[in-house]
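Only one chain is given next, in structure tokens, and it is the form predicted alone.
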Amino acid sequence: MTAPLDGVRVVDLTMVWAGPFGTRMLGDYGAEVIKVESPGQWDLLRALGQIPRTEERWWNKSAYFNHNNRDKYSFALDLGKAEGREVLLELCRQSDVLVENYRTDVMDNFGLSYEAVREANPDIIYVSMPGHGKSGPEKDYVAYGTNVEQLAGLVSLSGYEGGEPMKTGFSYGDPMAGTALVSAVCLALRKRRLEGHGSFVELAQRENLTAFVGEWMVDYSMNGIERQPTGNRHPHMAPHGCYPCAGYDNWVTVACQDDDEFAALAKVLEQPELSEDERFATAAGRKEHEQELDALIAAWTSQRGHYEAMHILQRARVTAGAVLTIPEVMSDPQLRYRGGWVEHSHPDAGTWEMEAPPWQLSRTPGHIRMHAPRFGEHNSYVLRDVLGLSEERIAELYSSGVTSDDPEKSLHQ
């Protein structure tokens, strides 16, 4: 079987998380993704993960890098040199998509603006992922997923009532932008197929994440209501919370959306009369007496393990979920049954398990085809097979430092 993006070649100039995560998924579903890194300014994820610098080829062993860069080729190219720019333009002539997530001025400084790349290949789809967009008073500001959350309004809604704002446990803006990248590329490819020409796609990470708190924006715009953090609670539903379970730091979440579901919960608690109690008989009453209700639920959950509580509640048609740790997620029987994890080997980093491609397509499934590339691993393939350069020209690129099989390590020690 083929993959849905077979035959699509992507020039990947992205670094860190948002861009690499998105281009990785393009690779998962069949695209030939060529990751371009400078020998001197390579993806800093290679340097993360506390890999001892005494280890051989430590730059190929970062879990962070290897997670976000599977199903890609690696091509070392210094875009700061004129020869590197020309090689990149030649690669773009033979590619379908270019993706970059630099600051707004970087590609222009390289002489690789959309206009320059389009001149080389009018059919190219050029995707730019600036944090703040390529226009406006903040266009030149630097952005990472950590501060995109704050600027998108997400952090102001997180945390507990009366407490300080709270960011998520990871940089939520990055994977959301990466996921949006897949959609953007597919839309642009469809447009090109219908109309016969390429396009420029701007995916501002801040704006993308703002869309995910849209209901709060609309509530303020329509009703003038500025919602405050409520922790695990819901503006209208009760119960809606996270409850302690037996064992060390075990929890389960419970949510009831209507009277019938609450009646089912009351039966599980062996207190069916709660559904007739005037305090809890209606949604409004349950919300008003939420603290009392939470105490009753916690008394029941605290006597049971988090998996046990979830299964008992779910069998009674009560929405519930155990709060799983990373080891529990990786051993979870539902995900195991669904093939959610795939064993993966890397010639330098070893063997481990990682998540399978997330979308299950019946006729053109995605799959992990390649390990995350070692630095410069596919230089020969790109220079000889894709670009068709002569041996003499390739030797010149190596001798001038435009390409290299090994990274310059001084900046990442």
Partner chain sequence: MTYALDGIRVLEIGTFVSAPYCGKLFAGYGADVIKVEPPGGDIARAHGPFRNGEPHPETSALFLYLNTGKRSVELDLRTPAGLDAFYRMVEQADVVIENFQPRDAQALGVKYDRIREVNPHAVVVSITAYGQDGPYADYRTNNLTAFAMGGQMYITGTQEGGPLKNGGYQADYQGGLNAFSGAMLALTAAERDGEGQHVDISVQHCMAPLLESGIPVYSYLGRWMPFRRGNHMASFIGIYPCTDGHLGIHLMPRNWKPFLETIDRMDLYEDPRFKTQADRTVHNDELMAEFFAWAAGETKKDIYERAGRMRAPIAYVHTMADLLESPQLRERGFIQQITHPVAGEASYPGPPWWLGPDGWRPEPAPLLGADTEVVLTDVAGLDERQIAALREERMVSV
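Quick caveat: nothing in here was measured; it's all calculated off a predicted structure. Numbering follows the first chain given and starts at 1.
There is another form of this protein, the form predicted in complex with the partner chain, and it is not shown here; the text below is about that form.
Contacting member of E292, D219, E119, D123, with respect to the partner chain in the model of the complex [4.5 Å, heavy atom]: Looking at E292, D219, E119, D123 one by one, just D219 meets the 4.5 Å heavy-atom criterion.
Only one of D277, E288, E86, D105 comes within 4.5 Å of the partner chain in the model of the complex by heavy atoms, so just point that one out. The option sitting close enough to the partner is D105.
Spot the stretch among 50-58, 32-40, 382-390, 367-375 with residues whose non-hydrogen atoms come within 4.5 Å of the partner chain in the model of the complex. Partner-contacting stretch among the options: 50-58.
Can you tell me if H240 lies within 4.5 angstroms of the partner chain in the model of the complex, counting non-hydrogen atoms only? It does: once the partner chain is placed as it appears in the model of the complex, H240 has a heavy atom within 4.5 Å of it.
How about V254 - does it come within 4.5 Å of the partner chain in the model of the complex, if we only consider non-hydrogen atoms? So V254 counts as contacting the partner chain.
Answer yes if any heavy atom of S135 is within 4.5 Å of a heavy atom of the partner chain in the model of the complex; otherwise answer no. Yes, S135 lies within 4.5 Å of the partner chain in the model of the complex.
Does at least one non-hydrogen atom of W300 fall within 4.5 angstroms of the partner chain in the model of the complex? No - in the model of the complex, heavy atoms of W300 and the partner chain never come within 4.5 Å of each other.
Out of 190-214, which residues reach within 4.5 Å of the partner chain in the model of the complex, heavy atoms considered? Heavy-atom contacts within 4.5 Å come from R190, K191, R193, L194, E195, F200, V201, E202, L203, A204, R206, E207, N208, T210, A211, F212, V213, G214.
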